[in-house]
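In structure tokens, one chain follows: the form predicted alone.
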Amino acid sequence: MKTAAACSVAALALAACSSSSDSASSAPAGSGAASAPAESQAAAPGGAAYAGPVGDGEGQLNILAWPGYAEDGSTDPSVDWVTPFEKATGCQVNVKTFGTSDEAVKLMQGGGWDVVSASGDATLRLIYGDTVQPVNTDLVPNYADIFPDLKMQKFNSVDGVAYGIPHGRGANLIMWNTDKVTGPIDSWAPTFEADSPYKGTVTAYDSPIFIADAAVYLMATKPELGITDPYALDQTQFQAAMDLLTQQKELVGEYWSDYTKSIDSFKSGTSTIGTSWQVIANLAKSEGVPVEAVKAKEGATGWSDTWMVAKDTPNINCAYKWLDWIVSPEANAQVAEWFGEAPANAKACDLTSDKTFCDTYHAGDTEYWKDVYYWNTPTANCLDGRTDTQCVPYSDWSTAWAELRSS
């Protein structure tokens, strides 16, 4: 991972770190006003995937992406997987970056965008909101080389129908300052338990989806709650997670959503232990901060991003050309290494400049990912299959998190 990647590497970087092709405050012509994210409770929408074949492109493509996922070389000529695509396909690309999954959902619902790189806490909202269409994986030749355990997951498919192409993945790790924390650390306990010796210097991810991190810890420490999926919480389970987060708040010195602030807080000593990403640990080390990061023994949440196609796109051929391009071994290797995540395409590992990259990010280590619970969208219909109760939907997660942070 290059230190120079500092402005594009993180999924939740601020707009200042976006590609210069970002359309700033306006969407492409024809987009409408954004609406609130929909709850994912109804049956999946109908509609068939594009039958193909993929023909000549329409000449343009409007992309919504996490910073670092659709770089055009304007800020660094050596980091460019958009311009080669444009030259190869004739599809001129307009990119807008977003900072959170909630923002991505609202922008997609507003219209005017053809494809989006959606994390698991957005995908079901887009699917059930009838915002995206099923994807015909037969029209994406590079899909054949995607790691099998990323295909047809609960967050990128419904009822055996694929709604996107996996892009990459990462786990949420526990990181600590080795000069200030007695290690090694292998548990989330010092970040949640009231008797933590690191009170006031714990850091935590600032998002409603972090409620799932508390649920993962409770799965291991309070099995009597019966949690089997951290995104499928009935009211009792949800309240237990919120109680744990309320307890944790007394320990937290700083919540973060911008990865650069996380690094700065470890540099300054404001934070000594807490939730992090592998790429944050790598960048912190490169800047001389003495940190280590591991997946905790209780397991972890994580993300697996998916390229999805807008239901009403007028640029369907360019969209499919992009899906295949961005997960090709060459492009997927570049993006994964620049961004700091495990690539989705198994063949990408032979093409990274750092030949140990895929080992560091556990790209093909199936066992590593077995207790990583990829972000998903909580719904009233319990995602764990229970039918005798209702689960707490994402809108209530958002409300509870806002109340916690403001209290």
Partner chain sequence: MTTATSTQRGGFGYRHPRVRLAGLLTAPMAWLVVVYLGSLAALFLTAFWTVNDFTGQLVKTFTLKNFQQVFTNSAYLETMVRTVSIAVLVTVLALVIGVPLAFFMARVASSRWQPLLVALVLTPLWASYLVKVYAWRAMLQPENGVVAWFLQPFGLSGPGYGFTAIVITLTYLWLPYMILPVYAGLTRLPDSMLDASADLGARNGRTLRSVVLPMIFPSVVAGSIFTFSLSLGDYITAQIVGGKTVMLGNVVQTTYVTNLPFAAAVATIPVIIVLLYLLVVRKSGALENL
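Residue numbers count along the first chain shown, from 1. What you see is a predicted model; the values in this text were computed from it and never measured.
There is another form of this protein, the form predicted in complex with the partner chain, and it is not shown here; the text below is about that form.
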query: Listed residue that, although the partner chain is not shown, lies within 4.5 Å of it in the predicted complex (heavy atoms), from Q60, T352, T360, N381; finding: N381
query: The single option of E298, E254, E86, D80 touching the partner chain in the predicted complex, heavy atom within 4.5 Å; finding: E254
query: Distance check, P208 to the partner chain in the predicted complex, heavy atom within 4.5 Å; finding: yes
query: G269: touches the partner chain in the predicted complex, heavy atom cutoff 4.5 angstroms; finding: yes
query: Contact label in the predicted complex: K311 to the partner chain, heavy atom within 4.5 Å; finding: no
query: G129, heavy atom within 4.5 angstroms of the partner chain in the predicted complex; finding: yes
query: Check all three, K180, E250 and E403, heavy atom within 4.5 Å of the partner chain in the predicted complex; finding: yes
query: Proximity to the partner chain in the predicted complex (heavy atom, within 4.5 Å), stretch among 286-294, 232-240, 313-321, 254-262; finding: 254-262
query: Residues of stretch 383-407 in contact with the partner chain in the predicted complex (4.5 Å, non-hydrogen atom); finding: Q390, P393, Y394, S395, S398, T399, W401, A402, E403, R405, S406, S407
